[in-house]
Ligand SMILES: NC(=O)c1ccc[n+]([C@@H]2O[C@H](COP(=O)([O-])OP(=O)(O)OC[C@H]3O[C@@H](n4cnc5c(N)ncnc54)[C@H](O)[C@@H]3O)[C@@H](O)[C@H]2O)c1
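Quick heads-up: it's one chain on its own, the form predicted alone, in structure tokens.
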């Protein structure tokens, strides 16, 4: 491990993951420079430097689509490593605001690459925080052993309450075996980021290490953004003594991975300059139903039992879980947090934040 991490540029680095990562690595960097637009949906309308960002981090308030700003940052910093976190998130929102997601996620990535070209600078390594959304519905297996990719569940199918694919089971996603086949705009733009960075870096003798994150949760997550952080949303509802609404039939599954485990994976790749030969999956390897998560949070707060609503979101996947076997073969990283411990830690943090006057979801 190098004594200094050198110069590191982090796009979107003042958000949930970026701020937590800054505490792990900024003090060890020659320069840790963050470019972040401080989007009101995530950070509120104040526009102040987030308190969660480490003091050693240099913050440049700018959008990744602002080529002039990127030109200035890249020419000044000439980063050895770029951690690309900047992205518009939210499955449902991406369907309603497709251009916004494509502008930030796709064009923002190409603007960054063009800024590097203009500065005649090639970083040693890109580290991309990609998403489990690139898999779409993934691969399923019939009872007779045949595997298939069901693709998008249609609006009409969801209206009829046909949640699953009868007589089949979902297989855990793995970057080594599951073809990328996104079914929503957000997932498509994240896969585009992987391809764009890979094409540019491969032509410049740089490298891209791609980490496909499962559902990240934990302290530091926005308490006001309604499009991300279902565990945070459920926690606030239960804390207020309200029944948690659960979509579909409650049997949707996700792999919930605690923020510290995500940051430790990113930190290993950045610190060790790990040139991953293929994307890796960052999760716990454990799938949990949304109803089970809601029940655990409700019980913690003594709130009313969750209620199954039958509501649904277009473009949402039924099951998302990953197999981390291949990840553990390429990294020394291992997930340390189980869901009960992580949920309890999040409840304590939310209570402290709201008791201190932080704004939450109404």
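Nothing here was measured: the structure is a model prediction, and the numbers come from that model. Positions refer to the first chain, counted from 1.
There is another form of this protein, the form predicted in complex with the named molecule, and it is not shown here; the text below is about that form.
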Check your understanding: Quick one: of 232, 214, 109, 209, which gets a non-hydrogen atom within 4.5 angstroms of the named molecule in the model of the complex?
Key -> 214
Revision key, fill the gap. Contact with the named molecule in the model of the complex, heavy atom within 4.5 Å, among 173, 284, 131, 184 goes to 131
Revision key, fill the gap. Here the chain appears without its partner; judged in the model of the complex, the stretch of 304 to 312, 333 to 341, 57 to 65, 319 to 327 with heavy atoms within 4.5 Å of the named molecule is 57 to 65
Check your understanding: At 4.5 angstroms, heavy atoms only, are 37, 87 and 221 all close to the named molecule in the model of the complex?
Key -> yes
Check your understanding: So in the model of the complex, does any heavy atom of residue 238 sit within 4.5 Å of the named molecule?
Key -> no
Point to revise | the named molecule contact at residue 14 in the model of the complex, heavy atom, 4.5 Å | key: yes
Check your understanding: Closest heavy atom of residue 42 to the named molecule in the model of the complex, within 4.5 Å or not?
Key -> yes
Point to revise | is_contact(residue 290, the named molecule) in the model of the complex, heavy atom dist at most 4.5 Å | key: no
